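Form predicted on its own, single chain, as structure tokens, below.
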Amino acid sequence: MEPMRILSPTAILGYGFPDASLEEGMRRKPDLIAVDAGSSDPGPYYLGAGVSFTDRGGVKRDLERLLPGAIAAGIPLCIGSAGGSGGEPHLAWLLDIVREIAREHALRFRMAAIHAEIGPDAVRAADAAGRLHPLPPAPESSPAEIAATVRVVGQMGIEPFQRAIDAGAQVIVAGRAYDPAVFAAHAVRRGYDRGLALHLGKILECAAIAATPGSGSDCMLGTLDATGFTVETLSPARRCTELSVAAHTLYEKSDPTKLPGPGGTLDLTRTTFRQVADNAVRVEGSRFVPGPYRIKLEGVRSVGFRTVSIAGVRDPVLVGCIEETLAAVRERTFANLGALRQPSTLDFLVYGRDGVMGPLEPDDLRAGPLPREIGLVVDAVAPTQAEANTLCATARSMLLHYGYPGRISTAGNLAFPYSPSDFKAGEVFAFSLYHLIDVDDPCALFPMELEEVVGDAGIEEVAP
């Protein structure tokens, strides 16, 4: 079996990459260019709002180099989790950029668009049939939570990508996808071991983050064969080491030896890592264990609107009693706004104490020496933007002049770095579904459309 080379240009489409690294990667004659375009890491807002967390200019910049390169080389370009979250508006957004580039560069190719947004009827039917399973710490699904959900996507596996390649698509733009699937699908289709292909995809999904020094804005090349694979950097500024590649294998995993995904589990108990060149590591022993075919669902619901205010506190007396002061301000704010509709929340993030970790901060660190200053974020969420504005403004002004024990100055308690001090953050979303759904057909939830993209001559639709 001839080695198969897979080029990963960047950790997320839009993060960029050095042109020199891409040129070096293309010089190696890859069989596939694959790139992940999204993540749930930025939180539920982008899925609910239907917008991308990546910048359009950055995404277009990347695609203006990748698209012509793949077309000229005659190899597939596979993109997963389009538009950041992979819903219908996100997929349409990225398809529009691809078409725009095709017109501007007079490119011709067959393109597959794979949808990943799942309608509420399908979710309700699965729930009623007992085919939804929560991923801890998510609670059991309920009809009320499903009814409140405004958008649901499923993480497709390798099969929808394989179907697109079988249909002759050279450019594949997919909605939400299991990250390694974008890289592994073509290889498994060509007969390479599924476990090795998925493990290679797990590493390549973040490109040069698996190198040292790590970077999400640089390219990586993976070479897959019958017994293992090799990953290597394409920039002289970086190198893959046994430690960097093994460490990235543990990335985003609750179990260091098992990585569940659509159709089974990637078992790493026998995986080995071996340095084979200064910038390259050989990986062997990874295997795929088939299991029930389940797709991960991500769904979000609206929880209101947000207004925030940012301030600094430097008075050592207030720093020493900040917890008690914030509790009193929260109580008085809600007392003063008794007519405020519920549910409304007023939270304070205290940076310099536990603003990052919150209640997960170890007690011995929270009980340590007082910081010289703290940063404070007032976070108000209410059913409407106007109510959130009122809640934030009331809490901010009350805290500004609150008379805490030991206070000497009668001036303001807070230092505001910005004017205006309050920022309207708009609608707020929370995850309402973080579940697995049992499926019989890996492609059933992910309909595909084909198009013949003909430069500036327009688009001819092809039947699925």
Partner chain sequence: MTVRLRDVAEVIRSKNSGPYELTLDVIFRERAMYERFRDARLFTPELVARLYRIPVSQVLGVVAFDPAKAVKATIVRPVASGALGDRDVYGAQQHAPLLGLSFELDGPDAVPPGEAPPC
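Given the structure is predicted, the values throughout are model-derived calculations rather than measurements. C-alpha atoms forming the largest set that superposes within 1.5 Å between two forms make up the rigid core. Residue numbers count along the first chain shown, from 1.
One more form of this protein exists, namely the form predicted together with its partner chain; it is left out here, but the text below deals with it.
359 is the sole member of 359, 74, 191, 143 with a non-hydrogen atom within 4.5 Å of its partner chain in the model of the complex.
Residue in contact with its partner chain in the model of the complex (any heavy atom within 4.5 Å), chosen from 436, 439, 428, 414: 428. The candidate site formed by 136, 243 and 257 is fully in contact with its partner chain in the model of the complex, as each residue has a non-hydrogen atom within 4.5 angstroms of it. Contact between residue 247 and its partner chain in the model of the complex is found at the 4.5 Å heavy atom cutoff. Its partner chain is not shown here, and in the model of the complex it never comes within 4.5 Å of any heavy atom of residue 287. Remark: residue 282 does not count among the residues lining its partner chain in the model of the complex, judged by a heavy atom distance of 4.5 Å or less.
Looking at residue 104, you'd find every heavy atom of it more than 4.5 angstroms from its partner chain in the model of the complex. This chain is displayed without its partner chain, yet in the model of the complex the stretch 247 to 255 from 104 to 112, 157 to 165, 315 to 323, 247 to 255 comes within 4.5 Å of it by heavy atoms. Taking its partner chain as positioned in the model of the complex, the residues of 338 to 354 that bring a heavy atom within 4.5 Å of it are, in sequence order, 345, 347, 348, 349, 354. Core-superposed comparison between this form and the one not shown: CA of residue 96 displaced by less than 2 Å.
After superposition on the rigid core, the Cα atom of residue 194 is displaced by less than 2 Å between this form and the one not shown.
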